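Presented as structure tokens, the chain that follows is alone, the form predicted on its own.
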Amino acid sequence: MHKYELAILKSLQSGKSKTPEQLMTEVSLGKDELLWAVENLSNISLIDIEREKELTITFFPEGEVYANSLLPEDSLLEKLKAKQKIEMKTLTFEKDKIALQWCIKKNLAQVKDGFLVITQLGEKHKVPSNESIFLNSLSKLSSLPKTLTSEEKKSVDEFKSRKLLEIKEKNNIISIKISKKGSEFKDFSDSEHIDELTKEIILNKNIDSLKFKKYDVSVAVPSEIISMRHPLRSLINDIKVTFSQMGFNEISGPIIEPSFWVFDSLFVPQDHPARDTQDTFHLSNPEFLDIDEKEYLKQIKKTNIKAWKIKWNDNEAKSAVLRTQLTSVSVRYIREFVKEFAKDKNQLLPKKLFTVGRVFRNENIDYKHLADFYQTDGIIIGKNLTLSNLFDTLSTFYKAFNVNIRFKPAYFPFVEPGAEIFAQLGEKGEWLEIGGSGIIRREITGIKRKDISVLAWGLGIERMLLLKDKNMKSITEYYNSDLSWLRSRELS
């Protein structure tokens, strides 16, 4: 018998019931060691254990937000009581959409002629509601109260279905007492049963004849915070590995660029709306950046003026911006290829390159939009490439992530033809745009040989996470500063 078990049995010989805390002090054991030994002794009926069921409460991030304020339907109803009606098109945020759903479901409000109006039931509904007050009180507890009213039980079920909190059953040991069999136990040495595996035992040819102590893997142990890689970082690593396995080499480039590389070099006219401050982040320090590629600048300037019939503005081309897509990285490498190809026309093709990094757009944040997010961009420079090669490459890439995609013709200034990439959220969910692709225009590449072309694509990474993780409803959740959601995730 193990020394821990012997120590516990000796301590219980008086016949008195003892709590785990008392035993830990008397036999000088830690909680893990004590629980392990106690469960072993209980399995062979040498001690009796009295347990008490506890229902522990774990709040999800969304539930914590509501517990510290109001349920979203209460917040919306509070505004509605003051205004009597709210224009539907103003309800743009994710919280508004959740609130709207529950207000209608609970018949607190209804939609009429493009407005959300309060119902009679909504007029009587007090704010904060009993549900909001109850949720707040639960957030201050570690376990569910033993007695709940029928309304409170109904609220708990609703909170669980809304993924605001989780209830787990836990059996706590409250007292330990020696059993009749344990009090009659005299042999405090059990050399026949082995409780520790050693190299010598493993190498023993007669290992089948040995007797091993039984272990109960269902024994409750304290939860430990383990190290976990953030799902976004894991996906980025997987993307890099997948592209590398497909024969691609990784490239990188600066986050801050002159507008020339982000827009002009990609055949985006200088009066295009995407270049305005409502879509792009412009810097004030530095306000302008120099463009080293003087010859390329002249070429692009000439091409843009001819194609778009515009008056060229040098300051607009030099304007410092945060890159809005990673094609600014790809186009730099296309330029390097053109210069090298002019010197050596026997270069080995195809060239397959990819980059992963952050991009920035002045977006309204919702479940599928961020102002600061990750993309992966790729290009293939080769002979006789067509859309079939592009679609096959992207299908192969997404197949590695068990994502089925489809393509839809689309316009992008720097490709011709172009196609958007869509994937479905769940079996019957909406089709979500996850990227754009196409064949880069010759006005951009400057490649004169008609048999050489450049395939290109840009893919959203956070949106891919929504496809992989069914528990996440918004890409904003991946930037939650509360670590509890990450620690409670299942390992994948």
Partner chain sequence: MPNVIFNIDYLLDLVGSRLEKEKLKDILYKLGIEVEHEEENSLTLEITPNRPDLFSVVGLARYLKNFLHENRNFHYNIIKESKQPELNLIVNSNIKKSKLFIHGFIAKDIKLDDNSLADLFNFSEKLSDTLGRMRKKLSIGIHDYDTIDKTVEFKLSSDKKFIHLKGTEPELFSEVLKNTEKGKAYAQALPKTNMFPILEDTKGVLALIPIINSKRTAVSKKTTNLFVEVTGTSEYSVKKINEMLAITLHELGAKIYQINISDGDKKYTSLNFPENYITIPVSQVEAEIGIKIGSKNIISLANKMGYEAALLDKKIRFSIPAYRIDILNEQDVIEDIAIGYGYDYIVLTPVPSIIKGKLLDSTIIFNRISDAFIGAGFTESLSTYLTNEEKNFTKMRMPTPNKKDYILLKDSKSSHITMARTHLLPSLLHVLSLSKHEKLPQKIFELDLIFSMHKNKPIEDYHIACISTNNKQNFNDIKSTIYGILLSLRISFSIAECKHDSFIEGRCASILINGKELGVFGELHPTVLRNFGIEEPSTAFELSLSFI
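Positions refer to the first chain, counted from 1. We call the rigid core the largest set of C-alpha positions that still match within 1.5 Å between the two forms. Keep in mind that what you see is a predicted model, and the values were worked out from it rather than measured.
Below, we refer to the form predicted together with its partner chain, which is not included among the displayed structures.
> Looking in the predicted bound form, any heavy atom of S183 within 4.5 Å of its partner chain?
No, S183 sits far enough from its partner chain in the predicted bound form that none of its heavy atoms falls within 4.5 Å.
> Mark F212 yes when one of its heavy atoms lies within 4.5 Å of a heavy atom of its partner chain in the predicted bound form, and no otherwise.
F212 lies outside the contact set for its partner chain.
> Could you tell me if P145 has a non-hydrogen atom within 4.5 Å of its partner chain in the predicted bound form?
No, no contact at 4.5 Å.
> Residue-level contact is defined here as any heavy atom of the residue lying within 4.5 Å of its partner chain in the predicted bound form; does I440 satisfy this criterion?
Contact with its partner chain, yes.
> Considering its partner chain in the predicted bound form, which of F337, F134, F391, W102 comes within 4.5 Å of it through any heavy atom?
None of the other options qualify; the answer is F391.
> Considering K106, K368, R332, K352, which brings a non-hydrogen atom within 4.5 Å of its partner chain in the predicted bound form?
Looking at K106, K368, R332, K352 one by one, just K352 meets the 4.5 Å heavy-atom criterion.
> Select, from the options 118 to 126, 169 to 177, 74 to 82, 401 to 409, the stretch whose residues sit within 4.5 angstroms of its partner chain in the predicted bound form by heavy atom distance.
Careful reading of the contacts points to 401 to 409.
> What residues of 270 to 289, in sequence order, lie within 4.5 Å of its partner chain in the predicted bound form by heavy atom?
Residues within 4.5 Å: D271, H272, P273, T277, Q278, F281, H282, L283, S284, N285, P286, E287, L289.
> Fitting the rigid core first, would the Cα of I255 be found 2 Å or more away between the shown form and the other one?
Comparing forms between the shown form and the other one, the I255 CA shifts below 2 Å.
> Superposing on the rigid core, I want to see if Y411 changes position between the shown form and the other one - specifically a Cα shift of 2 Å or more.
Where the cores coincide, Y411 shows only a C-alpha shift between the shown form and the other one that is less than 2 Å.
> So that I can tell if D96 moves, could you say whether its C-alpha shifts by at least 2 Å between the shown form and the other one after the core superposition?
Yes, shifts by 2 Å or more.
> Between E166 and M464, does the Cα distance in the predicted bound form come out closer or farther than in this form, changing by 3 Å or more?
Note: Cα gap between E166 and M464 widens in the predicted bound form.
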